[in-house]
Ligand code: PMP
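Quick setup: one chain, the form predicted alone, written in structure tokens, and binding and motion questions come after.
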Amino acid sequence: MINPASRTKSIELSLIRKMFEVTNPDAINLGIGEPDFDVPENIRNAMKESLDENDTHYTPNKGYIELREEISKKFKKDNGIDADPDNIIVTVGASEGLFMCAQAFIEKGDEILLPNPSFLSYEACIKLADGTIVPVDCKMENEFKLKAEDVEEKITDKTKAIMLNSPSNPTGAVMEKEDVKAIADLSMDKDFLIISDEIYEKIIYDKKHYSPAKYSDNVITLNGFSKTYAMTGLRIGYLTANEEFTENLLKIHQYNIACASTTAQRGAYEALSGPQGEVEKMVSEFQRRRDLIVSRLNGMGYETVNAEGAFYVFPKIEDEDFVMKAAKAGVITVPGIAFGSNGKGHVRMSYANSYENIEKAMDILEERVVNG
């Protein structure tokens, strides 16, 4: 009998995906984190032109230089990060960037600080690299925001890295500037790595986004086009770090992927260099949906933090059967425990669905689950 590698035995398949198997195809999906908008027309046209021009061959491992130059401008303008195009790698989604970071820098015995709750892929990537997870509580009384003092308490001489995600999946929490800066300062003082996943950076409502790389050299910044430009299936992302970090990340990328899709790279270039009006419309609509879902859930008696970014809410719902009841009634949600022990007693709901469908979903929950 051929056994799988031991590092895979502690990895479970995604609970998010499992939820799709327990309901009918007509259910309203509040489970998946995928914008329901179409890719903006100018981006689609750029990709069509790419195919018409037979631009379907390998690109440099790091990605087209023109795209990396646009990404460099974006980092400077939006994040205050001086990123040389040579220190930027275009990835197959931010997910590949995350895996690259884990494989290039984490090994057995390393402790990785991980916000609890946090996106379930982080835990899997750490485990696949034989790292040890050290959870850092993100408490509901703090609106699920990671606090620098809680991070500092968990740092030891084995601390190799911390993973940050602001705005957060699954909670929608946006970190405060003082906490971002304080954690960045700690990374320099205590010499550990920050892996900063900023994929939801543009989907933010009541706050401003701050990148730790503005304050520390020990940062790998991950981002992508999936959420901001509704390009999820095109699998295109990017990262930047200092020259030493980038060289080691490139080793993983080069032998695993070679390069990101040429067509998606052409679309990504247009996304950054073209008009941003569709992004602004999208974010405005997400905020309208956020206001709706938070109001309705609170009205049902489910305490819900008014999420400041991304497109998720994380209501306190202590009924352990809620997710299955909701699924059978026709609304897909995700159990909070999928995102860490502090997710117990919570449920993640995505409002990356239409306003009308969210209204219907809330009506179903109120009539058939809460009052049923």
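Keep in mind the model is a prediction, meaning the values are calculated, not measured. For every residue, the number given is its place in the sequence shown, counted from 1.
Omitted here: the form predicted in complex with the named molecule. The next part is about that form.
Taken together, 64, 87 and 253 are entirely out of contact with the named molecule in the predicted bound form: none brings a heavy atom within 4.5 Å. In summary, the region of this chain contacting the named molecule in the predicted bound form, judged by heavy atoms within 4.5 Å and restricted to 186-194, 117-125, 76-84, 103-111, corresponds to 117-125.
For the chain shown alone, residue 94 is a contact residue for the named molecule in the predicted bound form, at least one non-hydrogen atom being within 4.5 angstroms. In the predicted bound form, the named molecule sits within 4.5 Å of a heavy atom belonging to residue 235. Residue 200 belongs to the set of residues with a heavy atom inside 4.5 Å of the named molecule in the predicted bound form. Although the partner is absent here, residue 33 sits close enough that one of its heavy atoms falls within 4.5 Å of the named molecule in the predicted bound form. Between the options 226, 211, 218, 261, the residue in contact with the named molecule in the predicted bound form by a heavy atom within 4.5 angstroms is 226. A heavy atom within 4.5 Å of the named molecule in the predicted bound form is found for one listed residue only; from 240, 265, 165, 171, this is 165.
Taking the named molecule as positioned in the predicted bound form, the only residue of 291-327 that brings a heavy atom within 4.5 Å of it is 312.
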